[in-house]
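Before any questions on binding or motion, here is one chain by itself as structure tokens, the form predicted alone.
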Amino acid sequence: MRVVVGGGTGFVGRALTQLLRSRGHQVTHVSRRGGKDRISWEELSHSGLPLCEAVVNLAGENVLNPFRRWSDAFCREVVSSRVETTKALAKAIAAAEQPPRAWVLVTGVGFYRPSPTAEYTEDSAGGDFDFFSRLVSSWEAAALIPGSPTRGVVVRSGVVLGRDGGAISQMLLPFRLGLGGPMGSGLQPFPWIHIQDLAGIVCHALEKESVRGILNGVAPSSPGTSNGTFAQELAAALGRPALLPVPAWAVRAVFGAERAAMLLEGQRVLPKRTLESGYRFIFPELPAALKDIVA
């Protein structure tokens, strides 16, 4: 297949591109600047979608960038980097003379209301109680193309674990120094997925004609993982203790209250439809996933 990937040069995009190319697919990125195997967002809006069989959107400003203050301007950037890029791709798909067969959008489990006890499947309600849930709702709405023959899939991703980026890259130094620990109470659920599995689910959604609708991008064992368990397992994978909890006030001081809620609260999310669709996880359990990443 020829696959067009928005945000293909980012953390998840690099893993997906590698997987798709290893499976014989051709990949064209949509990014800020054009180049070899790349078109710019401006080119997309002027010239339309290149001839392709599938489109994926992974574009989005890193919400948890600790170097960016949580301000109105940053909020607008977070929203437009997701919603506007999704709208641009959906518009290009709708206008294509030969529409692609599949259209996959990766959003987040922030759609579901944080709870220490509730469990969420792909059919659970959510999407309208805080900044992030409303962001996911408008992001997913932007992907809809009424009457289109293109098959649509949305993957709601948990915290993506992998080398060279994502959540772990910011945690490794304190944990390696023996200064890591749970955030806040440590009891909050920690919905996670290994980057190879997130790329694998997207690839599965592209290749399997019967897959459509919502898929939860979380590991099967993630509903049983708390933030405290994650901290212990990461420390164990590094051969270090995890003795120093990060107090909730410190997390709020660094990230601001709205972003801190993503770290101090969590959702138990089950990949029910993902498993029913036939996807087989490479890293269903946390210890093996972390061992692969920090080895």
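Every value quoted in this text rests on a predicted model; they were computed, and no experiment measured them. Residue indices: 1-based, along the sequence shown.
Unshown form predicted together with a small molecule; subsequent notes refer to it.
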*Going by heavy atoms within 4.5 Å, which of 120-128, 201-209, 182-190, 155-163 lines up against the small molecule in the predicted complex?*
155-163
*So which of 69, 46, 33, 36 gets a non-hydrogen atom within 4.5 Å of the small molecule in the predicted complex?*
33
*Complete contact of 13, 107 and 139 with the small molecule in the predicted complex (any heavy atom, 4.5 Å)*: yes
*Taking 4.5 angstroms as the cut-off for heavy atoms, does residue 81 touch the small molecule in the predicted complex?*
yes
_Proximity of residue 62 to the small molecule in the predicted complex, heavy atoms at 4.5 Å_ = yes
*Looking in the predicted complex, any heavy atom of residue 58 within 4.5 Å of the small molecule?*
yes
*Using heavy atoms and a 4.5 Å limit, would one call residue 85 a contact residue for the small molecule in the predicted complex?*
yes
